[in-house]
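Just one chain follows, in the form predicted alone, and it is written as structure tokens.
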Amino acid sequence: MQLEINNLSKTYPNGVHALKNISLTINNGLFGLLGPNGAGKSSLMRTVATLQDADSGSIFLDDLNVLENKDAVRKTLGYLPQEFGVYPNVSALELLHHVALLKGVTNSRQRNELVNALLVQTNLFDVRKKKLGGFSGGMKQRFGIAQALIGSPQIIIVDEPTAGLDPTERNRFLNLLSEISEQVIVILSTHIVDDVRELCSQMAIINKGEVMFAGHPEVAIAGLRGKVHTMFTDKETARQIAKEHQIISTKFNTGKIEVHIYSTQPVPGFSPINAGLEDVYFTVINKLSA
């Protein structure tokens, strides 16, 4: 299974140019889509999910034209948007049965088997009769994946799924996505670099509607080998460094400011370090180069 996006563009009525000639090739497995808020990630996901039209370009899922055959695409698609509503006074069991009926699973025995299997897979079987209004954030996200899996989709889109989850729920959710992606395309749209670093063998970084990088995370990291240098310093020195060097990132660390800079040459006072995906992200977003 392969998703091919070519020269996709979208401008909203308010003049926001959300997508600018986006081209990506996405194969089976977990694909991480990184970018800051407002980068165009949700616009791209909504277009792939057939929830909005593009102004130009094409999307193909193998031989299926996504933009022209929306009904056929929806039969192969599972979608977990950034914000999705649930009926708070309905149990997980009841709502999954309802969704399965809407997706055409009319045989009661088959539906029972499907719903129970999904509840087990998402670790919700023990709370299947609990009302959704009493679910934690992580439980709601796992329920969202359960409903997205009904119909055996070939592509699953999840938009900012781990925002607000505690570490335990985040790990549980990401492990679930990793398991699912063994058989299908899973697109993970996020601004959390660690989500992509830990799971994805394919990724892209987009900003202001444009693809800034696409490829394997390790390839991206290898491209920065020998070009990232660090220093622990105080605020005043950090401000001076910003005037003299290309800053990748700054952050507080044990009472000091940890500064990462981009340079192809050794820099006096700085120590070279192994680059990480966060360094790649900020280097690409800030368009740093020699």
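Heads up: residue numbers just count along the shown sequence, starting at 1. The structure presented is a predicted model; accordingly, all values stated were derived computationally and were not measured.
Below: the form predicted together with a small molecule, not depicted.
- Item | Contact test in the predicted bound form: Leu277 vs the small molecule, heavy atoms, 4.5 Å | No, no contact at 4.5 Å.
- Are any of the heavy atoms in Gly40 no more than 4.5 Å from a heavy atom of the small molecule in the predicted bound form? Residue-level check for Gly40: yes, a contact with the small molecule.
- Task: Using the partner position in the predicted bound form, report whether Gly226 sits within 4.5 Å of the small molecule, counting heavy atoms only.
- Result: No, Gly226 is distant from the partner.
- Message: Against the small molecule in the predicted bound form, would Val16 count as a contact residue? Criterion: heavy atoms within 4.5 Å.
- Response: Yes, Val16 is a contact residue.
- Message: Looking at 249-257, 62-70, 233-241, 30-38, which stretch has residues with any non-hydrogen atom within 4.5 Å of the small molecule in the predicted bound form?
- Response: Only one stretch passes the 4.5 Å heavy-atom test: 30-38.
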